[in-house]
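Below, in structure tokens: the form predicted on its own, a single chain.
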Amino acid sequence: MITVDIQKRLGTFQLDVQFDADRETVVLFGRSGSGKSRSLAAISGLMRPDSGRIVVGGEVVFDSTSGVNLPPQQRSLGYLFQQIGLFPHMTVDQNIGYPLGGWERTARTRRVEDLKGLLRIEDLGARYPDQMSGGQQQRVALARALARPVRALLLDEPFSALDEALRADLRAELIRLRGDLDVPIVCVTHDLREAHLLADRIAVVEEGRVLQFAPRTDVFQRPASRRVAELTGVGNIFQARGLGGTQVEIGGHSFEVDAPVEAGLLVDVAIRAERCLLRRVDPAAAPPANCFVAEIVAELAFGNSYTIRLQATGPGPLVDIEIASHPYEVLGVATRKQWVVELPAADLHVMRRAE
């Protein structure tokens, strides 16, 4: 278990973050310069906070009140940086075994072999870093970070320097390792897809503060604020006015939403583009609840999916819809301009309007 509640001023930048991690993967997500890596540096002992408290595995490793500040080597943490940093003059076995200098040779050899098996690099022991791919080097670096028994693993953008195919492989490897390691993993990333894939819980960080810390599904589908919605890639954020109960007005059209809204209250309502639905227009029928007629005004293709922008032909909002290529083809989206758009009530998430 890791518990973090720290403050640190760095020039005009103020870091003030609170989060925890149990036997799970917690992702610190946000743009570059938001304070994610500085948070890891504080946990590891590489940066001393001005105030606050950090607990790792039940041990207080930093407490400004009592003056506790354990050095990095006493915190029992694995730390994998963005820069791989393998020693170029050492083999894989030597790199992994380097942190085990005080161990008896047989125990050190056994530990190195166990880690190579865990990371599936058994056949690389005699190779040097320049004889391996980027993905292989990253596995070796991870094995070295785990060489000594650790109470938690810290990952600072570990896959950002790799191409997408290697990143996909290593993400899958990290998911597999999570169960084997049985320790908290705190991972920093600014990659939205990576955060969604790896996280059990996500801390959305901006300008040194945690805007929302919650399970992955809550962050992506029920953002705490308009800013969280923007940072996590919500495709549609509407200004709305409460009509009483669970009804709001968006663009002159009444919609049911996921929470009650006081009549007359101005709120923001968000729905992810992939949660919006398309239906063929039936000229003889009025659109069902939470539906409106709209025309396609723009379309972008992204490999296996399409993002379609539709403008209501009457009351209703401008909306982006993400649709996979197969249903796009089955529905014949390319051959029709006018559609019925459905915004399911359970996916229309109400947020307090930003001041």
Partner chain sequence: MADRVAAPRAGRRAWSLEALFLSPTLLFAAFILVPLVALAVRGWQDGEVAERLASPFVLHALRLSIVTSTLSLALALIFGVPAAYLLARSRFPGHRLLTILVELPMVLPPTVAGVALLVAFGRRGAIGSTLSSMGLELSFTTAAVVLAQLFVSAPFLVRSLQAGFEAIDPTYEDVSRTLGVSDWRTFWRVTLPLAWPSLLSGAVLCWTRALSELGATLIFAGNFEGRTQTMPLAIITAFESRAGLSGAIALSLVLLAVAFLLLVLARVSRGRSRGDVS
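All values derive from a computational prediction rather than experimental measurement. Numbering follows the first chain given and starts at 1.
There is also a form predicted in complex with the partner chain; it is not shown, and the following applies to it.
You can rule out all but one of 124-132, 222-230, 273-281, 166-174: in the predicted complex, only 124-132 has residues with a heavy atom within 4.5 Å of the partner chain. Contact annotation for the candidate site: 44, 81 and 145 all lie close to the partner chain in the predicted complex (heavy atom within 4.5 Å).
Interface residue remark: residue 162 is not counted as part of the site for the partner chain in the predicted complex, having no heavy atom within 4.5 Å. Residue contact check for residue 89: one or more of its heavy atoms lie within 4.5 Å of the partner chain in the predicted complex. Within this chain, residue 85 lines the site of the partner chain in the predicted complex, having a heavy atom no more than 4.5 Å away.
The partner chain in the predicted complex is not approached by residue 187, whose heavy atoms all lie more than 4.5 angstroms from it. Interface residue among 251, 215, 244, 99, judged by heavy atoms within 4.5 Å of the partner chain in the predicted complex: 99. Proximity to the partner chain in the predicted complex, defined as a heavy atom within 4.5 Å, holds among 195, 77, 269, 203 only for 77. If you take 53-78 and check each residue for a heavy atom within 4.5 Å of the partner chain in the predicted complex, you get 72, 73, 77, in sequence order.
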